[in-house]
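Heads up, what comes next is one protein chain in two forms, each shown on its own as structure tokens, labelled structure 1 and structure 2.
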Structure 1
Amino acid sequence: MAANDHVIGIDLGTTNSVVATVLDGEVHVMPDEAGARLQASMVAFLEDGSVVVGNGARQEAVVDPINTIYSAKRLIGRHYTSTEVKTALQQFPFKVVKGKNQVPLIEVRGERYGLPEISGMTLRRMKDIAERYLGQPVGQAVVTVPANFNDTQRQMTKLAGHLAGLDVLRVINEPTAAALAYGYGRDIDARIAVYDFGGGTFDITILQVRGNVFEVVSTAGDTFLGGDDFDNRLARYMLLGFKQQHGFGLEHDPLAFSRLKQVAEKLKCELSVKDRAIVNVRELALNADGKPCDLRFQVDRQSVDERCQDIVQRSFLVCDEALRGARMKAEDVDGVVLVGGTTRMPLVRQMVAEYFRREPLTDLNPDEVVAIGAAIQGASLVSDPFEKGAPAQPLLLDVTPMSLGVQTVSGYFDVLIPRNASIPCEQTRVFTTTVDDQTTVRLQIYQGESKVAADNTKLGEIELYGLRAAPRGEVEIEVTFEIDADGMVVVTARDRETGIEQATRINVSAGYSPDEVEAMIERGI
């Protein structure tokens, strides 16, 4: 590989991020200067104007939660008015405000930041770790996203990479990357279910793996279900314990809740290896007399499991959906690969084994497997990085997670490309003018499964303009909708009569104007 040909694979996670690359035919997960291979997806804005990104921001989340941003991935590419953002507003101690075009913005220390800027800071940190490890500049990356991310969320992730100074060669789905890490070089022929339970998102993907061909059969996901939900549940459990001990509640104390959320994450990890744990949080709050109050109590794994079973159960509703799409039953799967830190919980592993009626495969590190797959894919995009005698380069055949379509005059959703269609793919539809001398046609683009367009996720509008003036119905415009290898929507149009390529303008919903993007670049991260 030439000096600057290194392509890094980045698993941009809700809770943690990982970076890997292929060197001399072997995948290396790259540690930071302290030897940590897992990096917190956190950004802390300090009082002196400096910014701390990664593991260094963890402590700031405890002492200054209002100015420390985490779980940005849960908000990226969403509308401010969406249910997910409304839920997040109740859980996050930091401030989320509404920007132009219904875009959620993070307000911190008097400045407003777009979600791609926050994610871009994490990607920049991963880029810096890679450059330190490799001893040379890095400019290209493959970045992973949840399989169920829509077009807007993928575009915002790619923008985050651009802001971090990276040329994102490909955006690939996390479960597909995990299957690649698991199956590459094993020469297997099997139907694999990738059960990906991360910090903020859940995905299930069914793949047919044949040698070096990885074909996704179906995928389903919930982009607002993850380890965060366990942490929030445990934090509320501790709030209840505090109220019982001291007689007053802390529901509206963001600092206390943030501290408990950090404790909850550690408690969750401790109870994954032990049957019981002791919680001891000193000076959590002051009582009416101004005296500090501690939180002390013992908690066992069984009681936590009972309180959290419903969270895991939600994941199986998504599994049912993916299996229906693959026309399979749970027992038809040959193997189950676990991905994401949440799958370390014994409760999750036990319930997964019961659902699929087989023990899941646990020989790969669930925190690193996605980055490893991204690194393998990245290396194969620029050259043949593998030694002689190594397996052939992998071929990924992925699918689109949601149907793509347009809104009809009556408000219904007209599907152009159905969910689980192999990508890249395209579909062409003819549209005509509806009034005399009409020179523009506007199409509303949606992704989702509801028959009513408004119930789906609006991606934006496509405007065909500069049409020739003619009687209604006479001008026919052939519009081609394409979903590319990154899972992103591309639209082209042409006048059927003249064959002239028609001008199109896509206004991304919940997106940023060119001026706003330019301002982000100028501000720098």
Structure 2
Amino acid sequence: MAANDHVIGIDLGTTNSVVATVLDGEVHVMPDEAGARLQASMVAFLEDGSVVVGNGARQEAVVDPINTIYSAKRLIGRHYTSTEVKTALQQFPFKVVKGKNQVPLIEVRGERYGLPEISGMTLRRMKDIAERYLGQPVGQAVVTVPANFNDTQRQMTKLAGHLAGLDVLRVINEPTAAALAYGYGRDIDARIAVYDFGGGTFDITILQVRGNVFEVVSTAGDTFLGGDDFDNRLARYMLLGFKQQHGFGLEHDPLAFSRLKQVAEKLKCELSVKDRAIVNVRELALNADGKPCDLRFQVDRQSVDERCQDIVQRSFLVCDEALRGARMKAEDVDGVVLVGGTTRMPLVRQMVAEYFRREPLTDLNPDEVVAIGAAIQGASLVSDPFEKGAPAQPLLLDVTPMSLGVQTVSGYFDVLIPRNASIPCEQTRVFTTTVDDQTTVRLQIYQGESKVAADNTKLGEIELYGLRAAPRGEVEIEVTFEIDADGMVVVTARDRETGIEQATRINVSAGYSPDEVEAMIERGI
């Protein structure tokens, strides 16, 4: 296979990233020089000007949190004023500042970086890992994104790939990739549920797989439900233990709580493989006499499970919604694919089995299944991945997770393409001038579910200009909104009278101007 034929699949995660490829008909998850298959999606800027990306940056996060960037995926493509960015400002030790056009920027060691640059550094690390493993250059990739990523988030992810020196052939949804990893080449006819429980979010997607056709039937999610909830619950349990031991509480000590949360996460992971665990937290707080107090905490899995059942239960409310959308019952699902670190918890596996009345599929690693699917999709785009007698290129029929529309004069949201519409798809609308001699028309494009346009996410503005000066309502412009296979919005406009393609100017909100992109490329990452 020629070097430029080699396509890698990258799962660009919030916490970790994974890179895989198809080699001689087999999928390989590619380890780094230390043998690690999972890379922290972290970038550390060191004092000497060098930059460490991946697992090496994780240690830096402990000793130098201000200069170590993580969770870029939570911020990429978001407005500076969004809830996610506001939360980040409160929680993240590194600095997030406002750039032009409402774009959040990371300020570190006196330099400002766009989120695509930070994610691009992680992608470049994954590219380097692949090149080292394969012993040849790699130029093409398929990158995965959450199913609920909007147009801007997808565009910025693609830009991150570009900055990393990768031609991103496709941006595919994580659950679709996971289904592909299980179903590709197996010639099955089945309904698959992809149950994805990560660190901060939960998603469920139901797909109909028929041979090579992977069709998303419905998808639902909760962006505030994840492994963190277990850590918080466990940390509070530990606080209770501290109070019992020392006779005073730590409710008003945020530092102690954040330390406990880190300990809680470790404990939670330990309890996934052991029935009980013990921790010692040294000098957690000072008592009234100024004496340091330790916490010794012993816990068994069963008591933690009892305290956390309701968190898992919340995921089933989301599953109920997705099943309703698919007009199915839980028992109609033929296979449940587990994705995300939280699905390693025995409690989660047991409750998922009870809900769907079948054991979930666990033969693929929940951390790797998405990258594996991306690799299969990547290989199939350039060649027949499994060679002779292999099934043809898979057909991925996704749905758009959010409605796409424009703002009306009265501020309402006029939906052009509804949520859950199969993509690629397009919709044409005719717009006219509203005042005499009007030569420009401005359309504000949003994605979301609120009836009020401003409550949704603004993707950008389109300006139709150079219109013929005429009485109002006379000039008619046909605007076509298309969502392509990558889930990205493409807009074209045509003058109805002349049939001439109408000049448009698109300003992406929370996006970069061509000059800014040029500057990023020049700066290099």
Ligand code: AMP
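Computed from a prediction, not measured in an experiment: that's the story for all the values here. Structure 1's sequence is the ruler for residue numbers, which start at 1. Here, rigid core means the biggest group of C-alpha atoms that superpose within 1.5 Å across both forms.
Undergrad: I want to make sure I have the labels right. Is the form predicted alone structure 1, or is it structure 2?
TA: It is structure 1; that copy is the form predicted alone.
Undergrad: On a rigid core superposition, would residue 254 pass a 2 Å threshold for CA movement between structures 1 and 2?
TA: After core superposition, the C-alpha of residue 254 moves 2 Å or more between structures 1 and 2.
Undergrad: Could you check, with the core superposed, whether the Cα atom of residue 419 shifts 2 Å or more between structures 1 and 2?
TA: It does not, since the residue 419 C-alpha is displaced less than 2 Å between structures 1 and 2 after the core fit.
Undergrad: Rigid core aligned, does the Cα position of residue 142 differ by 2 Å or more between structures 1 and 2?
TA: No, shifts by less than 2 Å.
Undergrad: Superposing on the core, what C-alpha displacement does residue 245 show between structures 1 and 2, in angstrom?
TA: So the C-alpha of residue 245 has moved 8.8 Å between structures 1 and 2.
Undergrad: Please give the CA displacement of residue 309 between structures 1 and 2, in Å, after core superposition.
TA: Residue 309 is displaced by 5.5 Å at its C-alpha.
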